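Below you'll find only one chain, the form predicted alone, shown as structure tokens.
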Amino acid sequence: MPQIFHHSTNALAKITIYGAVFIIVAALWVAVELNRSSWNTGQWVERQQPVQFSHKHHVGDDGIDCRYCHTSVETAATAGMPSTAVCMSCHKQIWADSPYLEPVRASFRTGKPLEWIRVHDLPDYAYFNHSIHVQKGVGCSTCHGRVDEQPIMYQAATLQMEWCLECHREPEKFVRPKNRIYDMAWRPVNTNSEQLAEGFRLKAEYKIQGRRVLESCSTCHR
């Protein structure tokens, strides 16, 4: 029986198979990288606000405590956004006539809240409670980064599940004394043996649950 295909067809078939495998692997790699990129997660993306409130100025320069504006961070699921009246408690005297702050004054006069753009926006299927994390020794900068160095607020972490699980699996690496919760300069991770020993002590003191509970799907997905 005469040969139907030329010998070069064998090489072409191998190239096609290897090429298809390469394209599939490359496509999977691109998908993974896109999923982790700021394009998808929003990490490092600065949010333009109706008034560009500088945390660097208010927290870093003026030393205003987080709880002055975010009043419910220790008691509720959300940290809370300050009302315009909170802003005006200072700005009736400071920069009282600044054109830059006219939207704030207009909001105060009319009673219509400023429409701030959300920076940290978890998916609806993920449950997060600010108060329980604060009570268990998780500092503001652990999740929000060095807020005192941010002229314009941005999301410092990916907020992906693997990032949450990093802390839930080993909380002793991240917990801190409660009097350091709002200390922006506190170390982000406990690394050496002395720091980890303190982390394990605080974990026991705060009665932090074990991995079986912290890694349970129902803890965050309700």
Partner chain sequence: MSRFRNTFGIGVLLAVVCFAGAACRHDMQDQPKIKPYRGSSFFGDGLASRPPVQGTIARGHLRSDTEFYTGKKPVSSASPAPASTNPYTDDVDTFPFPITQETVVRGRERYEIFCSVCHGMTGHGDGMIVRRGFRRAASFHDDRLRQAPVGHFFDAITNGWGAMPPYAAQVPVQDRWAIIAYVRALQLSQQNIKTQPGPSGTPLPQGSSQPQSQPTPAAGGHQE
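For clarity, a rigid core is taken as the largest C-alpha set superposing within 1.5 Å between two forms. As the structure is a computational prediction, the values presented were derived from the model and not from experiment. Numbering follows the first chain given and starts at 1.
In what follows, reference is made to the form predicted together with the partner chain, a form of this protein that is not presented.
Within 4.5 Å of the partner chain in the predicted complex, all of A96, S98 and I132 (non-hydrogen atom) | No, none of A96, S98 and I132 comes within 4.5 Å of the partner chain in the predicted complex.
Interface residue in the predicted complex among V45, V189, A31, A185, criterion: non-hydrogen atom within 4.5 angstroms of the partner chain = Result of the distance check: A31.
Does at least one non-hydrogen atom of N40 fall within 4.5 angstroms of the partner chain in the predicted complex?
-> Yes, N40 lies within 4.5 Å of the partner chain in the predicted complex.
Is R169 close enough to the partner chain in the predicted complex to count, meaning some heavy atom within 4.5 Å?
-> R169: no, not in contact with the partner chain in the predicted complex.
Touches the partner chain in the predicted complex: E194 (any heavy atom, 4.5 Å) | So E194 does not count as contacting the partner chain.
Using 4.5 Å between non-hydrogen atoms, is E102 touching the partner chain in the predicted complex?
-> Contact check for E102: no, nothing within 4.5 Å of the partner chain in the predicted complex.
Options 169-177, 45-53, 58-66, 150-158; stretch whose heavy atom lies within 4.5 Å of the partner chain in the predicted complex = Among the listed stretches, the partner-contacting one is 58-66.
Contacts with the partner chain in the predicted complex - residues in 99-113 whose heavy atoms fall within 4.5 Å = Sequence-ordered list has one entry, P113.
Any CA movement of 2 Å or more for V45 between the shown form and the other one, core superposed?
-> Where the cores coincide, V45 shows only a C-alpha shift between the shown form and the other one that is less than 2 Å.
Comparing between the shown form and the other one on the rigid core: C-alpha of I23 shifted by 2 Å or more?
-> Superposed on the core, I23 moves its C-alpha 2 Å or more between the shown form and the other one.
Core-aligned, is the CA shift for R211 between the shown form and the other one 2 angstroms or more?
-> No: R211 shifts by under 2 Å between the shown form and the other one.
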